[in-house]
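Let's start with one chain on its own, the form predicted alone, as C-alpha cells.
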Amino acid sequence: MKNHLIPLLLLAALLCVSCQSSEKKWRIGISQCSEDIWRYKQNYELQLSQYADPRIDISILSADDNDERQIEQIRQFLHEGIDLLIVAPNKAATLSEVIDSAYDSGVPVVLFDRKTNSDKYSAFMGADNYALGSMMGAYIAKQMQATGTLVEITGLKGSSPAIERHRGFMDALQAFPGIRVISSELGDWTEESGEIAMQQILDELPGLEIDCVFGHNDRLALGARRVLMSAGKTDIHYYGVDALPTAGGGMECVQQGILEASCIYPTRGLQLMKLATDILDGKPYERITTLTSTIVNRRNVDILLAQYQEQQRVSNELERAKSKIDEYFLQLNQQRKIILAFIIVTVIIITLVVLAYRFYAAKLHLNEEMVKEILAGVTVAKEEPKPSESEAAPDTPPHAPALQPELTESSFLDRFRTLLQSHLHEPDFNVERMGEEIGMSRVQLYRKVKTLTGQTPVELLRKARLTRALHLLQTTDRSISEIGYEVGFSAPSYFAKCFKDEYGKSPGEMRNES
C-alpha cells in the first residue's frame, strides 16, 4: 500500500489542479495609492494568496501618490472588466467619486488602509488609525514623563490615516499639558518629506529644544532624525508607525536603537484576499474589519523579528516550490498560470522528492547490475577466435563494423564484455581501439557506456583488470608484478596503486588475507 500511496496523492493533486483550472477565474483589480516598503510587503502577500485559491487572477497598479493617475487606473480596471476592486485611496475626498461609480456599476469594492468620504463600499479592512494615534500619544507621553517638546510629522494631507492618526494623537496628549506639541503637515509618507518638514521647523523655530519626534510612519521619523543629527542634535527620541519586519524596516530600527518604538500597522494581504473571495463566493463577511496594532519596543522586538523570520523562511520555501510546479505544469498543460493550494504544494513536493530518490536508487542499482554483468567472466581470460575473411559473409565488407546500430542494449553489453576479456592483457588497449573494434566513434562509445552503466569505458576496463588481478592473487602463486603485467598494467607500482584505490588494501595485504 505504501508503494502506491505517493503516486495516488500526486494523481489526486494533479486532478485537483485540472478541475480547478476549469473553474471560473475571479479577476481582481488592486489599486495601490503609492509604492513603498509597506505596500511591497502587502503586494507580496496578495500575490501569495493565489497559491491558496487558483481561481484568483489579480492585477496590481500603483498611482505613485497621484490622485489623477489613480482615478485613471481605476477607470482602466472597470473598462477591462473586473469582478472586484480593492483600493487604497490616495486622498479621501478626491477618490470618492470614481470609487462610488465603481460601486454603483455593480462591482464590489473593498477599501483597505484608507477610507473615502462616502459610504459606498462593500467592505473596509484596516487598522483604527484614531486608536493607533491615541495609543502612540499616550505611550510617548509616558516615556517623556509628561513634560517636554514633541514634534509630530504627519502623513499625506487629506489622507484618512494622516487625519485620524493626528486627531487620536492630539486627543491623547490633552491629558498631558506639560508636553508642548509642534506639528507639521508637510509629510507625504516618504523619508524625504520627513527631512523637509523637520528642516522647515528648525528654520522657523531656531534654537528650539526638541525632546521627541513622532512620525506618522517610520520613514517620516527617520527623515526627521537625519536632519536633526546633521544639526548636531543627538539627544532626541524617535517614534514611528509601521514596524515592518523587513530588512531596514521599523523593527530593525527599534532593535538597533535608531527608533525608541514603533507601532505595527498590519498589512494582512492574505486576510484581505480571503475577504474578497468571500464576497465573490457569496459567503457571509464582516463589512468592517478592524486590524489590531501593537507597540514594538526593545522589550519585544527580538521575539517579533524571530517570528517573522520563521514565517519568511516558510514563505520562501513555498515560493520556490511554487515556481518549480508552475514551470512543470506550463510545459505539460500549456497553461499561463496554474497555482496550487498550500496542501497540494506540500503533497507534490514530498512526492517528487520520494520519487526522485526511488528513481535514482533504481538507476544506480541498474548501473551496478550492468557493471557486474560486464565484469562477469573476466576472471577467466580468453581470446575469442576471429573469423577468417573466407568465413565472412560474401556480402559483408572485410572491414565492416562489428556493432550494428540495431543491436539491443543486451547485445551491446555482450560485445563490450567480450571485447574487454579479449584485450585485458594488452597495456596499450584504450578507448580509441575499443571504438574501432566495436564500430563506434570514441565519443559515441563513451556516451553509450556511461548511459548504460554510469561509468566510463576506461573505468570499466580498469575494474575488469583489477577483478582479474584479484582472482589471480587468490588462486595462483604468481608474483604481484607478474599478475600486474598479465592484466595489462605497464608498471607494478601503478598496478599496486590502482588496486589499493579499488579494494582499500595493497595486493600483498590482500594475498596474505586469502
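This is a predicted model, so every value here is computed, not measured. Residue positions are given as counts along the sequence shown, with the first one as 1.
Missing here is the form predicted in complex with a small molecule; even so, the following discussion is about that form.
Although the partner is absent from this view, W189 contacts the small molecule in the model of the complex, with a non-hydrogen atom inside 4.5 angstroms. In the model of the complex, none of the heavy atoms of K41 sits within 4.5 Å of a heavy atom of the small molecule. Using a 4.5 angstroms threshold between heavy atoms, E45 stays clear of the small molecule in the model of the complex.
When the small molecule is considered in the model of the complex, E152 lies well away from it, no heavy atom lying within 4.5 Å. Proximity to the small molecule in the model of the complex holds for none of R468, Y485 and G488, with the criterion being a heavy atom within 4.5 Å. Heavy atoms within 4.5 Å of the small molecule in the model of the complex belong, among the stretches 291-299, 230-238, 166-174, 113-121, to residues of 113-121.
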